[in-house]
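Given next, in structure tokens, is a single chain: the form predicted on its own.
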């Protein structure tokens, strides 16, 4: 039997998240649309309030989580993972928090893929101001926003950690991009491990506070995410080979790009030695390539943005 209850919020209640023309729906755990993956976790939610495409709850999915205080490198990695997963038809799940979560959602949207935002409060309660438009974009892109908390419940230090069990519970695997000690994303990783899911962690600079949590996860047994494509193994997705860059790059740009691709990652000094270019010329080409989205830079390193 299908159980479906609609919460017809007033315009005043819904205006905070600009979902004025939508209704917040509810399904309980007996509903056939309620995913088995959530029924099997410890302390499963009794039901879910939602806006958007409820069918996404049963699609292949991976969660991408991390620090609110993300570095530029972390933002790039998170968005890149979201984009690659979205391109391959894997639903991206995260918590709609500022930082890593937001960029994971944005990556999926960039790829015209699907994404689920799991909230730590009522759906009609205002989320962080920078993410209100993102929440609307997710819904209008046939994505899904869910919460176990009824409309009107304000997020708290108690509700945020609890929602993390839902993020990991819905996912086949969890990727932690950046996390300091005490980060909420480490709670998500812990839930995922207890639920028998694979936990991936992006290795980081050992001198960076933003990487301490991820590096500790790897030390404790998490799978290091060496290249973004590693996560695709969870879904038996064939890794597509690069189509090359020759059609959209000039001769010098192609020379630099091929050097970076062959190196895995490099820096300006090595590019100059490897290509015979002056520092000024090499730096200029790197800047242009980054603007074109072909390469990316972070922590002094240069690598292919693919």
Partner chain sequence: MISKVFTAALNGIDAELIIVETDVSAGLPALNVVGLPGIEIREARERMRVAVHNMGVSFPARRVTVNLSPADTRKEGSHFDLPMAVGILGAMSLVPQQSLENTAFLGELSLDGSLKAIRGVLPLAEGILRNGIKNIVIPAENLREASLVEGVNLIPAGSLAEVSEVLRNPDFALELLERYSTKNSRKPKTPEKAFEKDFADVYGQENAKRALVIAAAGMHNIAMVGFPGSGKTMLASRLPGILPEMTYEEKLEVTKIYSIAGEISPDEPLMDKRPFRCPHHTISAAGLVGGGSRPRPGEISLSHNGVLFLDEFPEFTPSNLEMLRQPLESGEISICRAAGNYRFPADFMLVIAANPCRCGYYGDPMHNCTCTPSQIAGYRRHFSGPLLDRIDIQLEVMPVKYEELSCEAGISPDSGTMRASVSAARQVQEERFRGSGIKFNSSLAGSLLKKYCTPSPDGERLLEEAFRTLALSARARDRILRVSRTIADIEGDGQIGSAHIAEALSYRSLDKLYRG
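Keep in mind that this is a model prediction, so the values were computed, not measured. Residue numbers count along the first chain shown, from 1.
A second form of this protein, the form predicted in complex with its partner chain, is not displayed here; the remarks below concern that form.
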Among 54 to 62, 31 to 39, 273 to 281, 256 to 264, mark the stretch whose residues have heavy atoms within 4.5 Å of its partner chain in the predicted complex. 273 to 281
Establish, in the predicted complex, whether 209, 269 and 298 all lie within 4.5 Å of its partner chain, using non-hydrogen atoms for the distance. yes
How about residue 165: is it within 4.5 Å of its partner chain in the predicted complex, going by heavy atoms? no
With the partner left out of view, is residue 114 within 4.5 angstroms of its partner chain in the predicted complex by any non-hydrogen atom? no
Contact of residue 142 with its partner chain in the predicted complex (heavy atom, 4.5 Å): no
With heavy atoms only and a cut-off of 4.5 Å, decide whether residue 71 touches its partner chain in the predicted complex. yes
Applying a 4.5 angstroms cut-off on non-hydrogen atoms, the residues of 75 to 95 near its partner chain in the predicted complex are 75
